[in-house]
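What follows is one chain in structure tokens, specifically the form predicted on its own.
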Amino acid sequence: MKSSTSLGSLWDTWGITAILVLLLAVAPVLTPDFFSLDNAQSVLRESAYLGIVAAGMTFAVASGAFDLSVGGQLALCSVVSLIGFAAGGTVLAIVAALATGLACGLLNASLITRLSVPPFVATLGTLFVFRGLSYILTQDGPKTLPYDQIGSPFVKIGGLNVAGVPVPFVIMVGVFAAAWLLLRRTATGRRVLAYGSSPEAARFCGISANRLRLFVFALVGVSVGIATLTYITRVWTADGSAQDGFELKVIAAVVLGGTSLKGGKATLIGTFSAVLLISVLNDMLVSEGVPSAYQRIVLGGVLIVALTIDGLRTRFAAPGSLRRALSGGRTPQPGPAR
């Protein structure tokens, strides 16, 4: 049998992972202490909040939409979580973060399903709403964790290691495992992919667009709430400016990892590798003392590359494209009949 492997599927499976391995091989040359224990733990810890939100965003993009408000959600969840910690300790802080994230997701879903606002417009608007609320709540100054709480269970979420592995990274791995099972082993995951592939056909098969949107954006909100717990316990302070531009990093990671902006196709393994790639690249830039302005240029370049790859992936997604590329673009001619 002739191979029907496509270049698109080959890239989705191995592309970003191969680039990540190459970057890890080059990193010690540019940053000699890159593989030191402290630096490796720092990279894994920093990747957690980005990765957790990217796992949720993968579902949104696979359904044919995306959430531009996750940066504002992270800021608002962080502020509310610290207010909850000041009022009632660790448990209230955790509940506050998760509840706020869920509320943000449900608000986005309501705007989209009840008022028929396009996801792009709805989440762009709520991005400013959430950041505005964060500024209002911190108008007397940023919310912070008191230094005397360094040994509290809440702070340990971001600072504790298990067998040398940061707890935030362990949480991220757990979230990705749960997301993979949800996407690949449940009817809900299949509905997300089916709707993203063809909304009309999905509706004909009885899939409710409103329920699907409600689920997807609520899931993104909960993922932001979980990510908040790994973020705020590391930085200890929050206001409306927290993680400005965070939404672009999340979308870049998802698309770079192999999830198509057109919907209907998702790879959480690719998203996981892309998150680590972005985190490693960011660590190298910081270690080399690259100014933040240039770091933003690099992030913009990564986003452009991600969108370009998404277009090329579509072009080379047809079965047999790998064989045609290896043969110089010529289509093999059938042999003589026998």
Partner chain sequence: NAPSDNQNGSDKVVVGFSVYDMQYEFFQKMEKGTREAATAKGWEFKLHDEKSDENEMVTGAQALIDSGVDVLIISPFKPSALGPIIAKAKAKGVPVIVDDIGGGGAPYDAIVISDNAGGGKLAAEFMAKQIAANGKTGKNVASITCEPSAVYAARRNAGFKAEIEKLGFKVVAELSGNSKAEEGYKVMKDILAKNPDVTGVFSCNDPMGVAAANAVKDAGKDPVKDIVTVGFNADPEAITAIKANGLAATVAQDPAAMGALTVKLADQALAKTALTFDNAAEREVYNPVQLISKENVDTVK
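No experiment lies behind these values; they were computed from the predicted model shown. Under this definition, the rigid core comprises the largest set of C-alpha atoms superposing within 1.5 Å between the forms. Positions refer to the first chain, counted from 1.
The same protein also has a form predicted in complex with the partner chain, omitted here; what follows describes it.
Undergrad: Tell me the stretch among 89 to 97, 139 to 147, 220 to 228, 169 to 177 that has any heavy atom within 4.5 angstroms of the partner chain in the model of the complex.
TA: Checking each option against the 4.5 Å cut-off leaves 139 to 147.
Undergrad: Could you spot which one of L102, V235, L214, I83 gets a heavy atom to within 4.5 Å of the partner chain in the model of the complex?
TA: By the 4.5 Å heavy-atom cutoff, the listed residue in contact is V235.
Undergrad: Report whether the minimum heavy atom distance between Y49 and the partner chain in the model of the complex is within 4.5 Å.
TA: Heavy-atom contact with the partner chain at 4.5 Å: present for Y49.
Undergrad: Examine V286 and determine whether its closest non-hydrogen atom to the partner chain in the model of the complex is within 4.5 angstroms.
TA: Although the partner chain is absent here, V286 would touch it in the model of the complex, with heavy atoms inside 4.5 Å.
Undergrad: So, A242 and the partner chain: in the model of the complex, are they within 4.5 Å at any heavy atom pair?
TA: Answer yes; at least one heavy atom of A242 falls within 4.5 Å of the partner chain in the model of the complex.
Undergrad: How about N282 - does it come within 4.5 Å of the partner chain in the model of the complex, if we only consider non-hydrogen atoms?
TA: N282: yes, in contact with the partner chain in the model of the complex.
Undergrad: 2 Å or more on the CA of T31 between this form and the one not shown, with the rigid core superposed, yes or no?
TA: Yes: T31 shifts by at least 2 Å between this form and the one not shown.
Undergrad: Core-aligned, does L285 move its Cα 2 Å or more between this form and the one not shown?
TA: True for L285: a C-alpha shift of 2 Å or more.
Undergrad: Comparing between this form and the one not shown on the rigid core, is the C-alpha shift at Q295 2 Å or larger?
TA: Yes; Q295 is a residue whose C-alpha shifts (by 2 Å or more) between this form and the one not shown when the cores are overlaid.
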